[in-house]
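This document starts with one chain, in the form predicted alone, laid out as C-alpha cells.
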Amino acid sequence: MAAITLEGVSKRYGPVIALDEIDIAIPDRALTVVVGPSGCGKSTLLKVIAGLEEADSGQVAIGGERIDHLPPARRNVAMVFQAYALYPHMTAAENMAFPLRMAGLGRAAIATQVRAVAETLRIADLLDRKPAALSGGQQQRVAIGRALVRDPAATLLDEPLSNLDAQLRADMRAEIAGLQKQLGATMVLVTHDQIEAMTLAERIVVLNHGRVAQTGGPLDLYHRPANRFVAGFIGAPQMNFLDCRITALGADGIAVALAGDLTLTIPADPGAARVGVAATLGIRPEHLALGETSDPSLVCAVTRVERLGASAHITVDSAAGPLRVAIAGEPSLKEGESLALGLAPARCHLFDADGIALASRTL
C-alpha cells in the first residue's frame, strides 16, 4: 500500500505561508494531480512529501507509516523535476542506472531493471544516447525512467510537461496516464494547467494560497465547485460571473435578480441563503444558449467572435455584464449584432458574498 496522507502540514518561508494546515489523502495506485496558480504551494507540497523540505508542523505518512522524520533517501519516493536534471555526460542508460548504482546493486541486476523500464517507456533504442541527442519528450521519458527504475512507493512529478510544446504535451499526457495504469503506481503530479489536471487525474487537489480549496474527481470539481475560486479555475474558457441579489427562498430553490430586471430561480436547497443579500451567479460559457428564449434570457450585443474551427468563443455585452459563450461549429455572427442569450437555471451556480457555493447543480 502506498497511499499518502498529510495531516496538519504547514510550511513557512519567513513571512510567506507556503502551506497552511494541509490535510490531504492521496489514494494508493492512483494518479492524483495537484493544481493551482503559481505560488499556491504545489511544488512545496511535493518537496515536503519527498523530504526535500521539512514541514514546520504536521505529519506525512505513506502506507500508514510516518515518514516525515526520515531523510529523503529512506522515504522510497522518487521525484521527477521540471528541468529533468539529467547528467549531460551520461547516456540515457547511465542516467537511469544512477540511483541503482548508488543503492549498491550489481551490474547485471542494474542492466536488467534499466532494460525492463526502458521497454515499458519505449526508449530501449535510445539507451546509448546522451541527453543532447534526445528530444524534449525523450528526455522526459528518461527522467521518468530514472525515477521508476527504483520501484518507489510513490512517484512525484513537478510540472513535468511545462517544457514541452503544445502537441507534445498532449501526447505525453496520454503516455503518463497510460503508464500509471499499466504499472498500477501511486503518482502525484503537480501542474498549474487545469486542462492537464482534468485530462490526467483520477483525483484532483486544488490549492489556493497554501490551502486546499477542494478535492475530488475532475467532473465533481467541474459540475459541483465548492467555491468561486474552484469554479473559476476549473474549466476553459473560465466560468462567467455576474452580480445578483437573492430575492426569495422557496421549495423550488433560490430566486435571484440580475441587472436589467432579469430574475430566475435556481433549483437548490435554500438553507444557507438569505433574502436581500448580494451573491454571485456563475454559468459556464458552454452552458449559455444562443438565441434561446425558452429559458430566462438576456439581450446582448456581440463584441468579439473568435473562430477556432470546430468551435467558437463569443464575447457579448449585456445589462448584467460581459459574458463569454462557447459553441460548437462556426457561427455567422458579426460584431455589433444583437442576440438573445438563454440562461438555464439548472445549469447555474450561485456563490455567497464569501465565495462559498450555495448552488452547484449543473446538469
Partner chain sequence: MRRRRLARIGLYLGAGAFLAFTLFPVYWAAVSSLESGAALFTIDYWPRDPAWENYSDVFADQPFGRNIANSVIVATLTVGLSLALAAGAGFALGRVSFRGRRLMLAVVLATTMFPQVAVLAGMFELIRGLGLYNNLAGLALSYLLFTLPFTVWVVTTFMRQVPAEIEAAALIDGAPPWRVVWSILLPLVRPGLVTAGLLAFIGAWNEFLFALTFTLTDAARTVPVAIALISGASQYELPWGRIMAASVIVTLPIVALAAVFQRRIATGLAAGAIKG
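Residue numbers count along the first chain shown, from 1. Only a predicted model underlies this, so the values are computations on that prediction, with no experimental measurement involved. Basically, rigid core = biggest C-alpha set you can superpose within 1.5 Å across the two forms.
From this point on, the text means the form predicted in complex with its partner chain, which you will not see here.
Interface residue among 136, 72, 217, 237 relative to its partner chain in the model of the complex, by the heavy atom within 4.5 Å criterion: 72. Think of it this way: in the model of the complex, its partner chain has a heavy atom of just one of 77, 189, 114, 288 within 4.5 Å, and the residue is 77. By the criterion of a heavy atom within 4.5 Å, residue 101 is counted among the residues contacting its partner chain in the model of the complex. In the model of the complex, at least one heavy atom of residue 82 sits within 4.5 Å of a heavy atom of its partner chain. Shown alone here, residue 50 lies within 4.5 Å of its partner chain in the model of the complex, counting heavy atoms only. For residue 141, no non-hydrogen atom is located within 4.5 Å of its partner chain in the model of the complex, even though that partner is not displayed. Only one listed stretch (251-259, 221-229, 202-210, 88-96) carries heavy atoms within 4.5 Å of its partner chain in the model of the complex, and that stretch is 88-96. Residues 146, 150 are the members of 142-163 with a non-hydrogen atom no more than 4.5 angstroms from its partner chain in the model of the complex. With the core held fixed between this form and the one not shown, residue 81 has its Cα displaced by under 2 Å. Once the rigid core is overlaid between this form and the one not shown, residue 109 does not reach a Cα shift of 2 Å, moving by less than that. Annotation for residue 90: C-alpha shift of 2 angstroms or more between this form and the one not shown, rigid core superposed.
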